[in-house]
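The chain below stands alone and is given as structure tokens, in the form predicted alone.
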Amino acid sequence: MATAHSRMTARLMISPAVIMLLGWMIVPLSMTLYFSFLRYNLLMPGMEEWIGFTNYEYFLTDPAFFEALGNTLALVGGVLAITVIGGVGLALLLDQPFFGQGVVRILVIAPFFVMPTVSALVWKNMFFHPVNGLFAHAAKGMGMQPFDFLAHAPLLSIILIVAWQWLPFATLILLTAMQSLDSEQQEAAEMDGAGPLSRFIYIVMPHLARAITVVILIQTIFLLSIFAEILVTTNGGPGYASTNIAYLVYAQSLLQFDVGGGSAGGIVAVVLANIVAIFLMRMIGKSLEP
């Protein structure tokens, strides 16, 4: 009886926070859903009208949508490949004892604390600039013509910027998992004649499987909504070459003033993100099963 009373008290105490959180999420989502069924343009105030699923039809049949969807998948896949492979490599290096290990670990993790806008500006002006950038100076020093990354390889440039930001996160998670590996297991394998590559494939990688799955899950959820890096560097161009779903929704809502079409795009983006999240949650659930 006392247990039931304490549970009821706990629920009553936490209910205001839960109600506020639900309202914080449900009210904007409900308004976005409502606007998505309207012909609502900010340049024509007072002329809103109900048009049903027309906004969804226009958004889903727009050629820009398919290009943005492909760019979104390429962005997520490219960043995940770099961060997972690079994270495993850096975790292996940082797990080895060497002088100044603590300082090096702090320096490796530091990029994760840089704001996306700042990191995008640094990469745009310090590295990718076709005249004054470090890559341009390196190319000139080798007698080569500087390459304009943001103009000729915009999506690859965005992938490199975002991967630089998320690599420390993957490294930190994988390094933590690496340090929980039983050293006696590796020593026994070494005594049985297993080489470094065999120990890595058959001992280290199975041990890191769960940590890698967590990295993929968390990063994918955030990578689906990458926006600041695109806005600061390429503005989605040239054309739609570096436009993802999030930037396409922004362009339709705030650059073309089409709130109805942008709201429909936002709902589509939410649905796609939830499909990916559910798939990844099922995948991580299976990987965590004993």
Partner chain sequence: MAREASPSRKIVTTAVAWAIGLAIFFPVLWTILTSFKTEAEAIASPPSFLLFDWTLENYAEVQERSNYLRHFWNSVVISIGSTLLGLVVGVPAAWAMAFAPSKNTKGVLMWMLSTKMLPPVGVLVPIYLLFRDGGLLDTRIGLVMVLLLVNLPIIIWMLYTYFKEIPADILEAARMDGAMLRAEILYVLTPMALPGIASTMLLNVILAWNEAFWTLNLTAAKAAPLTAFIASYSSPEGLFYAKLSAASTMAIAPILVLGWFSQKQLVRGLTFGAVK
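Residue numbers count along the first chain shown, from 1. These numbers were taken from a predicted model, which means no experiment stands behind them. In this text, rigid core is short for the largest set of C-alphas that superpose within 1.5 Å between two forms.
There is another form of this protein, the form predicted in complex with its partner chain, and it is not shown here; the text below is about that form.
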Query raised in the report: Should the three residues Ile14, Ile109 and Leu167 be counted as contacting its partner chain in the model of the complex, with contact defined as a heavy atom within 4.5 Å for each?
Result: yes
Report task. Spell out, yes or no, whether the shortest heavy atom distance between Val259 and its partner chain in the model of the complex is within 4.5 Å. Result -> yes
Query raised in the report: Using heavy atoms and a 4.5 Å limit, would one call Val249 a contact residue for its partner chain in the model of the complex?
Result: yes
**Report entry** Partner proximity in the model of the complex: Tyr56 to its partner chain, non-hydrogen atom cutoff 4.5 Å
**Finding:** no
Query raised in the report: Does Met31 reach its partner chain in the model of the complex, with heavy atoms at most 4.5 Å apart?
Result: yes
Report summary line: Within 88 to 118, the residues having any heavy atom within 4.5 Å of its partner chain in the model of the complex are Leu90, Leu93, Asp95, Gln96, Pro97, Phe98, Phe99, Gly100, Val103, Val104, Arg105, Ile106, Leu107, Val108, Ile109, Ala110, Pro111, Phe112, Phe113, Val114, Met115, Pro116, Thr117, Val118
Query raised in the report: Can we say the CA of Met13 moves by at least 2 Å between this form and the one not shown when the core is superposed?
Result: yes
